[in-house]
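As a starting point, one isolated chain is supplied in structure tokens, in the form predicted alone.
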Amino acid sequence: MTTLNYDQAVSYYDETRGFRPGVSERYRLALRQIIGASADFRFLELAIGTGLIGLPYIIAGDDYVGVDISRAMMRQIPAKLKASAPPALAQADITRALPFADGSFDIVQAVRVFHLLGDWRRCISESRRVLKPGGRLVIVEIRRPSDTASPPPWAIVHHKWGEILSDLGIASEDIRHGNGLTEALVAAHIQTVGGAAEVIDLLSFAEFPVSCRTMVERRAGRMFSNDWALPEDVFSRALRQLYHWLEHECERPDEAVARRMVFRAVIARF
């Protein structure tokens, strides 16, 4: 799995991956409190994208640096800042060499990105290199709370899409929605390379309401990276089946649901 470049997702990324107002600000405060960040801490965000997580840090005046493989995604950040100082951004593949000196940052964080990385171990190695002694690496994914009784509409549609493609002969590694990475696997690797790791839930939040129909329409627009390489004939056949399922088998296809989710973090110290 190569590192994905999200240039083609710029026009719809914030609409489909964004948070309700205030969530990113709450995330910043929660992380700073948990790690005990002082005013002079220097942060690096891996795969900063359009700044969905990083903007509150930058606006608040934190020493914050972002890196991403996509220039088009990062170009969205200055326009959002208005009167704030321009951000410090760099283009790089985070699974290769980061363009920073050893021991440059107090905190390196990656939010909702490690599940997409092929060589995530190399990314951890590079993150460790640019961390100051005693610095922390924060790897965050968005998960459903353990007490969630039923999957949200987006998960229902993703699962059905995977079933359809599998029936069409597309191998599971080509249709997966990530690399299958778990917090336990990340924590175990960190320990094998001499670090200490803990897994904690930083913050719970409500998603934007979404229906199964909305998720099918997003799938039809190829808004998910695991569809980008599908041959057009396979994609078209699968989409016809998905719409048939939506109209004839899906329960409550137009019911918009806002599920509770959590930012679940592996916090590592080396």
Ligand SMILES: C[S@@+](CC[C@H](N)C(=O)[O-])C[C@H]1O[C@@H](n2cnc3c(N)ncnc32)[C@H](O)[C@@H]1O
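Just so it is clear, the structure is predicted and the values come from calculations on it, not from any experiment. So that there is no doubt, residue numbering starts at 1 and follows the sequence shown.
Unshown form predicted together with this ligand; subsequent notes refer to it.
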Contact with this ligand in the predicted bound form for Ala187, defined as at least one heavy atom pair within 4.5 Å: yes or no?
no
Although this ligand is absent from this view, report whether Met223 comes within 4.5 Å of it in the predicted bound form, heavy atoms only.
no
Contact flag, Met73 vs this ligand in the predicted bound form, heavy atom cut 4.5 Å
yes
How about Val113 - does it come within 4.5 Å of this ligand in the predicted bound form, if we only consider non-hydrogen atoms?
yes
Could you work out which of Leu52, Ala238, Val216, Val65 is the residue within 4.5 angstroms of this ligand in the predicted bound form, going by heavy atoms?
Leu52
Checked Asp93, Glu163, Glu183, Asp106 for heavy atoms within 4.5 Å of this ligand in the predicted bound form; positive is Asp93
Using a 4.5 Å heavy atom cut-off, which of 131 to 139, 152 to 160, 193 to 201, 85 to 93 contacts this ligand in the predicted bound form?
85 to 93
So which residues in 194 to 221, when you check this ligand in the predicted bound form, have a heavy atom no farther than 4.5 Å from it?
none
